[in-house]
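Below, in structure tokens: the form predicted on its own, a single chain.
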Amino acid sequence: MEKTKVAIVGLGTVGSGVARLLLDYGDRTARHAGRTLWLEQVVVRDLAKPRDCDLPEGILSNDLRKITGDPEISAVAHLVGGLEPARSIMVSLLESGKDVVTANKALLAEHGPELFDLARELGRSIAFEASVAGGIPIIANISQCLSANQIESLTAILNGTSNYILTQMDERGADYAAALAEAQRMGYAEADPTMDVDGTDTAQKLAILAHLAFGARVHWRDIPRQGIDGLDVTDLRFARELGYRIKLLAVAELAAEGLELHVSPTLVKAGTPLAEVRGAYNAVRVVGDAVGKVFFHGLGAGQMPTASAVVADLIDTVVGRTAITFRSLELWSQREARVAARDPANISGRSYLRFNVEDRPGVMSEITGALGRRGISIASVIQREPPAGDGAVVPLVIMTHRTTEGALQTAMQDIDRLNCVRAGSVRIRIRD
């Protein structure tokens, strides 16, 4: 059978998984590729570091020139995290005539236009299925399988760390700190989990999906985002009482005024598919004008799910499918964006509000009055009896009808200035 030489740069968790699939299941990949994907070279930074796979003797090196200088290596799995030296390595690979498969969503979100322009100029391709949602084939489905559709909306859970933490808070009643510690103990959260829990990771992935689905050219930093690191377990309890779960959602929805984009904790109706996504799983709900609602669910990270996506991209690349798709999609090209992001202040929706208020007469009218002056109507209210005595502070939970973000932000500022309201007001979106 014909043999095509491939290589790997970076042999961490995902890289080791890719090497195992290529080495241990070569017959499987050969069946799909019509040729053997021969692992010719693996380049790492530290040769002394323990590896989670057994490599054939002589293929491990710390010299990138072992790949860039070998004209017989046609495709490379680029499995280096961060921005640098990841960017420089990808540039070197492209300039040496290699097609690239990457799992680095931060690199694409930050330097996508530059790297894709370079690949086009050099007649090379970049495949990136593993950069979003791990083993879920969402890139291929949006860019190829659903290409007959105008995508109308995309609602997704894209960070397994955050979803695991929220599951622990919801099901065990753990506070945020305890749930985070458990996620770290289980290996679902890094020692520094900031990019996962503050919404950055999800916003980077949403920027990629929004570009694919809608032709939007928005930098991930310009997507309004709020993470889960400020969530109180109290709000998950109230959400459950109201018939909801709280999930960190990435939302992209097309309207006549433009594209709604945001990342935020959101109340999702219990019993719906997104609400029931547990643990470290990811999910993406896509609505197309022809296909209707489509739901994708699976592990969004981890060694083998992500390695599965990388190897699938390697197969498509050596067969030639990636090159055709890459040329036709013109991703991150100089073409004008097909759709612009909407002004966040004009986006409408429902919200969950929780205030810490004095338990005395007139408080409810002050708060409802502040909402009413901004044209915000109330759908439901929960108010608890005080624990003891006069002057106690109690939680007041309000579910609003639809209103704009701008009106709600102004109303929240008005309410927080009231003498009857204590610090710690909470606002969470509702996605019905």
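Here the rigid core means the biggest group of C-alpha atoms that line up within 1.5 Å when the two forms are laid on top of each other. Keep in mind the model is a prediction, meaning the values are calculated, not measured. In this text, residue numbers run from 1 along the sequence as written.
There is also a form predicted in complex with a small molecule; it is not shown, and the following applies to it.
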| query | finding |
| --- | --- |
| Interface membership of residue 257, the small molecule in the predicted bound form, 4.5 Å heavy atom rule | no |
| Close approach of residue 227 to the small molecule in the predicted bound form, 4.5 Å, heavy atom | no |
| In the predicted bound form, residue 105 touching the small molecule (heavy atom, 4.5 Å) | yes |
| Contact label in the predicted bound form: residue 207 to the small molecule, heavy atom within 4.5 Å | no |
| Listed range touching the small molecule, judged in the predicted bound form by heavy atoms within 4.5 Å, from 354-362, 296-304, 318-326, 168-176 | 296-304 |
| 263, 158, 101, 138 - the one with a heavy atom within 4.5 Å of the small molecule in the predicted bound form | 158 |
| Contacting member of 190, 343, 222, 95, with respect to the small molecule in the predicted bound form [4.5 Å, heavy atom] | 190 |
| Core fit, then residue 203 C-alpha moves 2 Å or more between the shown form and the other one | no |
| Cα displacement of residue 149 between the shown form and the other one reaching 2 Å, rigid core superposed | no |
| Rigid core superposed: residue 184 CA moves 2 Å or more between the shown form and the other one | yes |
